[in-house]
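One chain comes next, on its own, written as structure tokens: the form predicted on its own.
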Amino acid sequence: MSKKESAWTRFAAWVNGEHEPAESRLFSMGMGPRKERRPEITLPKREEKQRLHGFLSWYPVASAVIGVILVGILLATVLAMPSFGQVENPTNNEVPAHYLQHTREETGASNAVAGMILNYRGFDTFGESCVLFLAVSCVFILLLRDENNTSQKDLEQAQRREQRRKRRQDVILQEAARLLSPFILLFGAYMLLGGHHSPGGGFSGGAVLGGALILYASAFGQDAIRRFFNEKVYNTVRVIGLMLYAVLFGYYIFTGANGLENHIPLDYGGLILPIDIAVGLVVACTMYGFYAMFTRGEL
């Protein structure tokens, strides 16, 4: 194509409203770089976009239908259950009576509630402990700050926030935490170790221990608590707590299902006491892990 024809072509395009951008004209005249044009949407991409639009248009309707079906199933199940409080219901006759009469001799715990949730229904409680473990693990995945997901600017901002927090430390809070933290830890350990004979147990004792850690970290900062409870110790404690529960209750199920003799004495609570300790460790680590991740993004 000659220069005359090229100029005429550009003039005709300009008349028809199809003029090129300034950068393209400069490039054609050798006076500047030419930007790459965006590729047009091809037919397969257009079809994918249409399918995605169709899926998103039907998604709310499908979600509503599935929700209605699930609600209908739950309502039908509730209506099929025996009426509450009827004398003929087996749950009002056999199960509570068995728990109250045989908890001491079968579990070694004088606290019927602890015997029920940690022995008779220990598998459910193990599932709850797994939920807590997975919940704090997901929070770690989302909020844990490391070199792979944190820029230098974010690190500098976090350091400045920590310096401002240190300058604004409350003396009253520090003195109260220094005085109360040992007693709170002692009371949490008491609830944890005596839950099979008195009100308390793994969940309540672990919550008290986690609250003591949060109070100490709020008063003195996470740098102070990291001296004895760093990330390595934290992960070790929570993994050991969950694995201890799994091993102990697995041993109890195996021996009971196969008619084998259980060699763990019941004088001091049997399996209830070590399981209480395991649950307490998981609960305490969960509470402190949530606090640490949401406040600072690290342990």
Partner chain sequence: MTLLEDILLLGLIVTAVAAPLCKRLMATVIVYMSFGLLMAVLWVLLESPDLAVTEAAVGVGVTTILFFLTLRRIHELKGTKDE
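Remember, predicted model here, so these are calculated numbers, not experimental data. Positions refer to the first chain, counted from 1.
The same protein has a further form, the form predicted in complex with its partner chain, not shown here; the description that follows concerns it.
Stretch-level contact check against its partner chain in the predicted complex with heavy atoms at 4.5 Å: of 102 to 110, 198 to 206, 177 to 185, 225 to 233, the positive one is 198 to 206. Within this chain, Gln169 is remote from the site of its partner chain in the predicted complex, having no heavy atom within 4.5 Å.
Residue contact with its partner chain in the predicted complex: Leu143 places a heavy atom within 4.5 Å of it. Taking non-hydrogen atoms only, Gln86 never approaches its partner chain to within 4.5 angstroms in the predicted complex. In the predicted complex, at least one heavy atom of Met287 sits within 4.5 Å of its partner chain.
The single residue of 211 to 244 lying near its partner chain in the predicted complex is Ile214, the criterion being any heavy atom within 4.5 Å.
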